[in-house]
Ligand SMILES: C[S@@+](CC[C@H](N)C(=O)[O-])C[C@H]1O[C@@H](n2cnc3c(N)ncnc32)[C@H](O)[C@@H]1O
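Just one chain is shown here, as structure tokens, and it is the form predicted alone.
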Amino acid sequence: MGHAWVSQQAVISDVFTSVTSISFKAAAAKPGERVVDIGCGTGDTLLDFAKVVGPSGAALGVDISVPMLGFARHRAAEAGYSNVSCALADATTYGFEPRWADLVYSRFGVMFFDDPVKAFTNIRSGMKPGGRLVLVCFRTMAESPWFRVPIEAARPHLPAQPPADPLAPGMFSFAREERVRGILSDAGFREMALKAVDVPMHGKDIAQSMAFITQAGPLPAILENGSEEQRTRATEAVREALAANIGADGRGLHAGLWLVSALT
């Protein structure tokens, strides 16, 4: 998956345009601040933070993917950001410098923790008193037509799948508001706020939308369970469903998100 995200970096950046804009604005980073980007991936938001905080600040990206983090390092060096560092690590166990961060941010990087309370407790240990946590995560698949429409189109052509465990690590494991609040509260955060937002996804056109949907999100795992013939039929059904639901500019479907904030 990491290699796929690197190869599709430009596509993914385009698709997440509105998500990045809304969540980055909510993070409200300031010059001179120290920022940790959890699940920084190929570095889109990490580089944005580096630019905002400037030479007097610092941006640390944490990710478990070797190819994605390697690409993030390459992009930071190419852009000349000396205030960027990257850690190949699981945020659950990474040794954060105590009370270092003014802000911890994540764009879809926190729903995969095996032990989310332990992870957020560790993350909080690296934050200053009064530090800000801002993250964006998915609500239910039913509230995200960008993922639901392709899945519903593909399923009739593929072997039946057992129901997914809604609490297992995965894209939609933070879908329930009460669960997110409980995790953050148990980890020691306060003043939690969750805002439900429906964010348009920018597919640009059918080809780019297909490139994203078939390599990222829940669809690839479902496609893997079919034969070559079944995958071909399912993929064509997805293409037809997208064509019927998005315009020539690739827009028309949205993702249902939680915009989450909290303080240490």
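Numbering starts at 1 and runs along the sequence shown. Bear in mind the structure is a predicted one, so any value in this text is a computation, not a measurement.
Below, we refer to the form predicted together with this ligand, which is not included among the displayed structures.
When contacts are judged by a 4.5 Å heavy atom cut-off, Ala91 counts as touching this ligand in the model of the complex. In the model of the complex, none of the heavy atoms of Phe174 sits within 4.5 Å of a heavy atom of this ligand. Although the partner is absent here, Gln208 is not a contact residue: none of its heavy atoms lies within 4.5 angstroms of this ligand in the model of the complex. Mapping the unseen interface onto this chain, Gly41 counts among the residues with a heavy atom inside 4.5 Å of this ligand in the model of the complex. Contact with this ligand in the model of the complex, judged by any heavy atom within 4.5 Å, is made by just one of Ala234, Met68, Met201, Leu60: Met68. Listed residues Gly126, Pro116, Gly131, Gly109 were compared with this ligand in the model of the complex; Gly109 is the one with a heavy atom within 4.5 Å. Proximity to this ligand in the model of the complex, taken as heavy atoms within 4.5 Å, picks out 33-41 from the listed stretches 218-226, 33-41, 49-57, 192-200. Proximity to this ligand in the model of the complex holds for all of Trp5, Phe16 and Ile64, with the criterion being a heavy atom within 4.5 Å.
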